[in-house]
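Listed next as structure tokens is one chain, alone, in the form predicted alone.
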């Protein structure tokens, strides 16, 4: 991709995973509500390409996005317990502002960071804990309707629907990535659910790289590594995006890789 990529929420965990592995590979515009220190910027990103702004600020968003070919939208209130006034402003209104600006500035691709919380209520008492185990064949594949587990999940489901609207009416390519449990260095220890939805930093970066480079219309995929334990299918991410994850939570024992 020759045009710049706008990354919102650049200072957060997902943004930093992406920049750690993809920093030299793309021309970046970085946006975060908090000032972004030098240690969180890839080499070569000029001050003029770093934007300290709120994603509900239409003018600031347009200025950051002008001339970009793609957007990776991560910014928002990430708290599962976030109250309604916050998810409404930061996650729903902010996402609509981002999509509207993308259409107005001619952005071609938009990768939206959705969440496992958008479908968390599929984890019913009758399915748990078996669905977290390798011999269970229950899978969500991205074709199911959202079933949020909290108001944060409601806001992510709303973001997916906003993306569908802008794709259908404005022909922008949209991919919703329902991110699992992103942790650095190793999977969660003694936590079956976290191991089943583990996403390593390098697989996270690779998945969003494919969101930037692949051709698609409007897709919803799951963002996890290739874990033996899984109840999210990554087949759609493989088939449509060319996702080829390298990590598996089963290869770790505590904080030590076994394979």
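Numbering follows the first chain given and starts at 1. None of the values given here were measured: they were computed from a predicted structure.
Although not depicted, the form predicted in complex with a further copy of the same chain is the subject of the following passage.
- Stretch 140-148 is the contacting one of 69-77, 126-134, 104-112, 140-148, since its residues have non-hydrogen atoms within 4.5 Å of a further copy of the same chain in the predicted bound form.
- At a distance threshold of 4.5 angstroms between non-hydrogen atoms, residue 154 is in contact with a further copy of the same chain in the predicted bound form.
- Although the partner is absent here, residue 164 sits close enough that one of its heavy atoms falls within 4.5 Å of a further copy of the same chain in the predicted bound form.
- Put simply, residue 172 is far from a further copy of the same chain in the predicted bound form: not one heavy atom of it is within 4.5 Å.
- Of the heavy atoms in residue 189, none are within 4.5 Å of a further copy of the same chain in the predicted bound form.
- Taking a further copy of the same chain as positioned in the predicted bound form, the residues of 87-104 that bring a heavy atom within 4.5 Å of it are, in sequence order, 88, 92, 93, 96.
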